[in-house]
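One chain comes next, on its own, written as structure tokens: the form predicted on its own.
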Amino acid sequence: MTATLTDLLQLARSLHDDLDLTQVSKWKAAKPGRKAVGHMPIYVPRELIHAAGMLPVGVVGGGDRLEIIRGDAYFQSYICRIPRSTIELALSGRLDVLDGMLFPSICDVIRNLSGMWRMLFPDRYVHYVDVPQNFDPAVGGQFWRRELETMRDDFARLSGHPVDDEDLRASIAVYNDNRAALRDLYRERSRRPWVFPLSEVYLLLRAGNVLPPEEHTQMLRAYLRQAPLDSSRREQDQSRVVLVGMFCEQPPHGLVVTLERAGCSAVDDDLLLGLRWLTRDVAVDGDPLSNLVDAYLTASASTASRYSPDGDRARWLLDSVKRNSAEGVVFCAPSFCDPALLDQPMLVAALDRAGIPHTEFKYAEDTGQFAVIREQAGTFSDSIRLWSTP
């Protein structure tokens, strides 16, 4: 793995900016016959893809570096931007390196994108990952196991590599290691956000979309070792906030930088939540499919696209505020994101009852002007520091 902190961040930035998935093409070319399967940014069982010898690739739209021309012809204007930019990427040939595509059940828009994909690319593997919303092992558990069995068999056919239990156990161990590194990174960022700023952590998260998980884990560990050695990283007078709403359509990197410059230190967030969906290790011993089912039912991250069995939509957010000693919450959802925006009033009500300050704004992945957002976020940060009760 790259030796210096500067090199690490430059590599992460280059992967963030590469719409052509050059890294994926290099990975495939290194060993003829390799295949890659794309997926949207919420949870999919990447262990199954990896166990089949294929590369899971996170697809997060075109960001602020892609002009949408043909993509607008396939979707109405009053929905979020990510489906249109994803179609644009595909029609421009930038996703030709992918041998298949998974669409997890985020919302109706992504369900429709899955159907659109089938019509546009009938010769490519496409699967809509319908995750359970019933958490009874005898109901949702059985449903999810059948779904996992279907994908395991599909991936074996696509790759030409049968997936046995040992393959899957080995892949589960690889992703356990990756999740552990991510947990360590988030824990350290919460402790010292000036050493591990979100503007850098976000780039490292994005690198996990295209790197093999083993390489991504090495990158995370190297960053954890090297960032504290930079003596220029000193504690700043900023407000500790939790960011909410960025779990699907990702913000432009400039927006993340803007929040930091406005005086907000993000100590927790739901960016690229699919990488951190399972909040604990998956058991390695025993039946690997049963272990994946149990992990989904008992250790899934809370988000607007996931049903809350206990009916308390806000508990996870209140817990995050307390666990990370946050002073406020910033709701930053993509425009027209139904799950996030429908969830927000319930979360706001819970924060109001708890006396936790909050503010909100919306963005699109191609947002290019941040002056208004910086002014609003800066005012919110100042109000916390000046007027909040110690």
Partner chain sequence: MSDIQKEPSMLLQKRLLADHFDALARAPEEGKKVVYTFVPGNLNELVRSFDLLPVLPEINALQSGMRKLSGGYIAEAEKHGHSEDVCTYVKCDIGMLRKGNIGPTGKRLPKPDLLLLSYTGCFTFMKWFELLREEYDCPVAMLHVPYQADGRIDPHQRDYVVQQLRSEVIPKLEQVSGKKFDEERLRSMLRLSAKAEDDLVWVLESARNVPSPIDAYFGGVYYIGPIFSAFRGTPEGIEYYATLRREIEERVAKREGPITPDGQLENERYRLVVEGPPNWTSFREFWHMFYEEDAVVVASTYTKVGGLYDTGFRHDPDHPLETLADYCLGCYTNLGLPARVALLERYIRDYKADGLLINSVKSCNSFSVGQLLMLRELEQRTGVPGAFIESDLVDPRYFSAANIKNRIESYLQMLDQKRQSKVAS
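Numbering follows the first chain given and starts at 1. Keep in mind that what you see is a predicted model, and the values were worked out from it rather than measured.
The form predicted together with its partner chain is left out here; the points below concern that form.
- None of H161, R111, R94, R179 but one reaches within 4.5 angstroms of its partner chain in the predicted complex through a heavy atom, and that residue is R111.
- The single contact residue among I68, M346, A36, I356, judged by any heavy atom lying within 4.5 Å of its partner chain in the predicted complex, is M346.
- Proximity of L11, Y186 and E188 to its partner chain in the predicted complex is absent: no residue of the three has a non-hydrogen atom within 4.5 angstroms.
- Heavy atoms within 4.5 Å of its partner chain in the predicted complex map, among the stretches 278-286, 225-233, 142-150, 209-217, onto 142-150 alone.
- By the criterion of a heavy atom within 4.5 Å, P339 is counted among the residues contacting its partner chain in the predicted complex.
- When contacts are judged by a 4.5 Å heavy atom cut-off, D130 counts as touching its partner chain in the predicted complex.
- Residue contact check for V195: none of its heavy atoms lie within 4.5 Å of its partner chain in the predicted complex.
- Not displayed here, its partner chain is approached by S308 to within 4.5 Å at the level of heavy atoms in the predicted complex.
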